[in-house]
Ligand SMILES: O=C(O)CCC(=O)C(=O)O
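Have a look below at one chain only, the form predicted on its own, in structure tokens format.
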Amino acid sequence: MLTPGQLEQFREEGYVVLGQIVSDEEIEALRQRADDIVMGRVRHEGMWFQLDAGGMEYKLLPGGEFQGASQEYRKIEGWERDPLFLRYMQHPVFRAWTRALIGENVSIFRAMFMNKPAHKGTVLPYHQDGGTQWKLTSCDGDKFLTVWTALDDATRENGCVQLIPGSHKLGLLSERGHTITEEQERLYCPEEKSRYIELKAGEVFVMHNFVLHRSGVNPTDKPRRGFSVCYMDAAIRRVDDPDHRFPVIFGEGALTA
């Protein structure tokens, strides 16, 4: 479930590839459910949809309610509303990791589908996940953990995640912005230090939120779909709405599928 060697690698490099933790049949069910949602065959009130603008420029389209059946959604949030994905998010392996790194009571900041459609996709520059722009009562990176699952094969060619091992030790480089500066990228992200996280469909990696990471476009004829969940300490609240309660995944008051 979780080994001392994995924990040591996580502390030193800021990420660990876990491989596949559920059966091929369960992964195929998640893939099918993702198709059902993007095509509107399954609908859950409150999910947030953003279409892909495409291109080498980091330019994002506005998001909101379901915008029609399409395989070209870039991002969809709110997957804890779907029983199948919620059960996956509560897998014992993720419970073990969050218990070791966060604690007993764990919520999520977001559960999102990230897609690079075939012959499209939008460049995502080097960035960290966190900072004051998240408007949370804590910016402590040790209170967060991101789990990323490949729904399709993720390769260099189709825009897999690329990261800088050990960069979480730099701390939060930009509290106010999502991406780092060009100067910081030159300093901390030379190509020879980067690592491409190539995964087979169904494989998983866990990542410290402060690890510098990016991804490119997808010129291939197959999509690169991933499912990313940001777990966090359930005590964390919104700065502007302390009564808001994020979805609890583990511990007291946890959601049930």
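Throughout, we count residues from 1 along the sequence that is shown. Treat the numbers as computed from the prediction; the structure is a model and nothing was measured.
What follows is about the form predicted together with this ligand, which we do not show.
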Check your understanding: Since the chain is shown here on its own, which stretch among 191-199, 40-48, 207-215, 61-69 would lie within 4.5 Å of this ligand in the model of the complex, judged by heavy atoms?
Key -> 207-215
Check your understanding: Would this ligand be touched by all three of E80, R87 and S107 in the model of the complex, meaning a heavy atom each within 4.5 Å?
Key -> no
Exercise for review: Indicate whether D129 is a 4.5 Å heavy atom neighbour of this ligand in the model of the complex.
Suggested key: yes
**Study point:** Contact label in the model of the complex: V161 to this ligand, heavy atom within 4.5 Å
**Key:** yes
**Study point:** Exercise: Y73 in contact with this ligand in the model of the complex, heavy atom 4.5 Å
**Key:** no
Exercise for review: State yes or no: in the model of the complex, is some non-hydrogen atom of T146 no more than 4.5 angstroms from a non-hydrogen atom of this ligand?
Suggested key: yes
Practice item. Work out which of L173, L136, M114, L101 lies within 4.5 Å of this ligand in the model of the complex, going by heavy atoms. Key: M114
Check your understanding: If you look in the model of the complex, which residues in 223-240 sit within 4.5 Å of this ligand (heavy atoms)?
Key -> R224, S228
